[in-house]
Every structure is written in structure tokens, then in C-alpha cells.
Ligand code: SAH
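Take a look at this single chain, the form predicted alone, given in C-alpha cells.
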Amino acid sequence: MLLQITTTHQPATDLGYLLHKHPDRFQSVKLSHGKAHLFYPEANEKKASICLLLDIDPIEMVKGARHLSGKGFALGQYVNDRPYTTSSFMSVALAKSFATAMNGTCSNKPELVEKVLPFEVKISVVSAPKGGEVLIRKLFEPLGYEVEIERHILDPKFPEWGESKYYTLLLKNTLTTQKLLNHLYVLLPVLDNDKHYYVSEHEVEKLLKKGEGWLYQHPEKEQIIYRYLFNLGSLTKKALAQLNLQNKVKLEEKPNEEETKKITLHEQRLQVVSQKLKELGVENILDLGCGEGKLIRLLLRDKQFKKIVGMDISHQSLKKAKERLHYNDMAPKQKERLDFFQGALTYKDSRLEGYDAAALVEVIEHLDLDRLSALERVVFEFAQPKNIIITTPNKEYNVLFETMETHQMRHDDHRFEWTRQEFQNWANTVAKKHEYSVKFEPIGEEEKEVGAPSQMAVFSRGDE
């Protein structure tokens, strides 16, 4: 199966920066059932194309697949179309090959992230056994795509056999790279409706993340969710409830206890940190590595927090945070509570001094381990806020993610991930060295053997 993405944006070679794939290099990514090969058949100032070619190992596929096409005859597990059609295999390949782009990051040219570009996507081939051309158009045209469809006959030598369920697609649209990849990630397996791995509650979180900003408005959202979640009614209801909640809760409203159970892990993590800061009675807070300001948005709802400062190394993230918080349109008193500045957590910075608390939400794992000691000195030795909250993924929990391979980390930008014991060993050492006390709490639903998906350390020290 082959997917080709082409742009005529000038210069077209910007595609290499956006996708973090150099045009002069042939690259391969290992998958659980084979490999994905990436290459550029064309790359110049006027036009650039990148191809994603899947090389599925049929033997590995038979060993690990939860479900294969070909139901109804004895050899269906071995004789099927899975290695040749675009399906959930392609979604996994997109996520592993273009993870940074799908998360809206472009370190070399950050201004390109929000730039809409002309794209043409050719996909050979897709299977649409239920819905055919009508379904294809219903999925892509509401998102602004111009759709060209070529349906293949079963066998050119026997035209009387009729047409097949297989199509070659040409999609044209002008949009951001992140939106394009997220659309493809969600909609391609929806067409095929045949997952190659077990579908669990974790798929709900992935769907809502990739569907952020477009799925809620899609006229076929219910069908998309139902088919993406392999026709599982219970998960579909949960996904719809969470999607509606995300788009209906106002900034001034706080989700009640029942709603909290429905929100994504990332939102739950932010709410746990926000609540902990409230319990600590702090008034002046640093959000270190604030990203696009999601924690800050929560903190602004509570009048207890009189000063909130967001710091991030990315100028683009700070700009986006201000836009999403409507900073320029805030009332003067509200704006006085909020400030942003650019900086790195590995360099001493006097602007970090004098605060009641600092929050580092899913930040430390993005640093190389040999740079972690620099962050420790900046935060614990020099800035010395009275309270410090740090969250980080729990490595032990990764075994529950069906599509993750052994030793794989949750994000390509993670430099390490710790078990619960490793995190506690590090935190206890830091606390003792810098005269803090520390307590640990899980974030998310705990599993007996592996704990919760995230873990939190709360450091505190008395007045000297």
C-alpha cells in the first residue's frame, strides 16, 4: 500500500522541515507487522512529494493480528487483502513516521506549523466494502477536500466479474500539515473498518486527540467514531460523551465529579495539578514548560491564584497560548494576573525566583538525562519555589497500549520514561539534597500490576 503527499507550496522543500524527513535520505520505520519506507520521488523548489510505502510481513501479521479480512472461509487468516490495502496499518505508520508533525511541532521553521499549504494526496489503494464512493465523499468532502475516485474492477481479464471494493483516491485540499495528517490517521481506517489490533479505551483518547478541532463539527462524526472504534457501542458512547463535553464546557464552568471521569488523561492530569495547587494555598505560580497554556486556562478560573506566569522554550507555543487564552482581549484586571516569557529550564534565570509554586507537567522526560541535573539546579537550588509539582509518564503502564512495541516510548520527543520506583528514587534524592519533603500520587485509573498512566511528585519546604 502506498500513500503519496505532494505540495506545490513555494519553496516546496519546506515539506522536509514540516515532516522532519530529509529529501535526500531514504528512511525506514519498524512496525509491529513489517516496515514503513519513506522516500521522496521529487523534491525541488516548485514541487515536493513524499511517499510512505508499507511493507507488511504476512507471517508476522498472522502471528499478531486480532482480526483479518477473509471471514467465511478456512484460509481467511492467510489469504486476505491486509498487506495491500490502506487500513489501520497505515494509521500506525503515519503516527510512527510523522509523530512530530502530527503534534504540531517544527523546530527549524516553527512559523510553518500554522501555515496552510496546498496538498495533493494519492492513496493506492483503499478498501471501502460498506459505503463505497458515497462513504468516501461523505468523509472527506465536508473537510474541504476535492475528491477524485478510481474504482478498480476485480480482474481486467474477466470484466464480467464486475467491480471490486477497492479504490485509488486523489485528495486535494489547502490546510495545515497537522490537520492533513490527523484527517488521514482517523479516516483511513474508518473506510476499511477492520482494525489489525485490539481496540481498547486507549483508542478513545487517541481519536479525540487526533480529532481535536474538526471531528465535533463533522456531519458524519457518529459514524466516524463508531467505525473507528470497531463498532463497539460502549466505546462509541464514551467517545461521543467526551467529545460533547470538550466542546460544551465553558471556561468559567468546572466539570463535576461525574464529568471528570469522562475526560482524557491529559485533561485529568491538568485538573489534578490545578486542584493540588489550590490545596497548597499558593497564590503565585510558575507554569514551567507551559506549552499552549492549557494548565494556565484552568488556573485562571480560580481567584485564589493572583499571579500566573507561563514559561516555555518555544516562542511559537507562547504565541499560541496567548491566542487561545485571548490574552489581548482580556479585561485589564485579568491580564494583570498573567504573564509569559521565553526561557530554558537548564539555565539560571532570576525571573523564576520568588514564587509560591512551580508546576512542570510532563516536562522532564523531554530533556536528555545528562541535562536533568541542570534543570534540578535551576528549579530547586536557584529559583526555590516553596512548592514544586512534577508529573511524568509511568513507563510500566506502557504495556497496556496495544500499538506500542517493547521499549517504545509514548512520544518521539521523549528522551526517557521512568518506572514508579525510578521516579521516586530520583525525587527523593533531589528532595533530600535541596531540603524539600516529597509525596507521590498516581494520575489516572490505576491497574493492579502496573499502576496509573501518569505519576506526580509534590515537593514542599517551610519558610527559612
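Here the structure is a predicted model, which is why all the values come from computation and not from measurement. When you see a residue number, it is the position in the sequence shown, counting from 1.
The next section is about a form of this same protein that is not shown, the form predicted together with the ligand.
Asks: Could you check which residue among Val363, Leu143, Leu240, Leu117 gets a heavy atom within 4.5 Å of the ligand in the predicted complex?
Replies: It is Val363 that has a heavy atom within 4.5 Å of the partner.
Asks: Here the chain is shown alone; which of Val282, Leu207, Ala128, Leu345 has a heavy atom within 4.5 Å of the ligand in the predicted complex?
Replies: If I apply the 4.5 Å criterion carefully, the residue I get is Leu345.
Asks: Please determine whether Met330 contacts the ligand in the predicted complex, using a 4.5 Å cut-off between heavy atoms.
Replies: Met330: no contact with the ligand in the predicted complex.
Asks: With a cut-off of 4.5 Å between heavy atoms, is Leu367 one of the residues that contacts the ligand in the predicted complex?
Replies: Leu367: contacts the ligand in the predicted complex.
Asks: Using a 4.5 angstroms cut-off on non-hydrogen atoms, would Gln223 count as touching the ligand in the predicted complex?
Replies: Flag for Gln223 set to no.
Asks: Within 4.5 Å, heavy atoms only: does Gly291 come near the ligand in the predicted complex?
Replies: Looking in the predicted complex, residue contacts with the ligand include Gly291, since a heavy atom lies within 4.5 Å.
Asks: Please determine, with the chain shown alone, which of 162 to 170, 130 to 138, 305 to 313, 90 to 98 has non-hydrogen atoms within 4.5 Å of the ligand in the predicted complex.
Replies: Of the options given, it is 305 to 313.
Asks: Indicate whether the candidate residues His266, Leu270 and Ser317 are all in contact with the ligand in the predicted complex, with contact defined as any heavy atom within 4.5 Å.
Replies: All three within 4.5 Å in the predicted complex.
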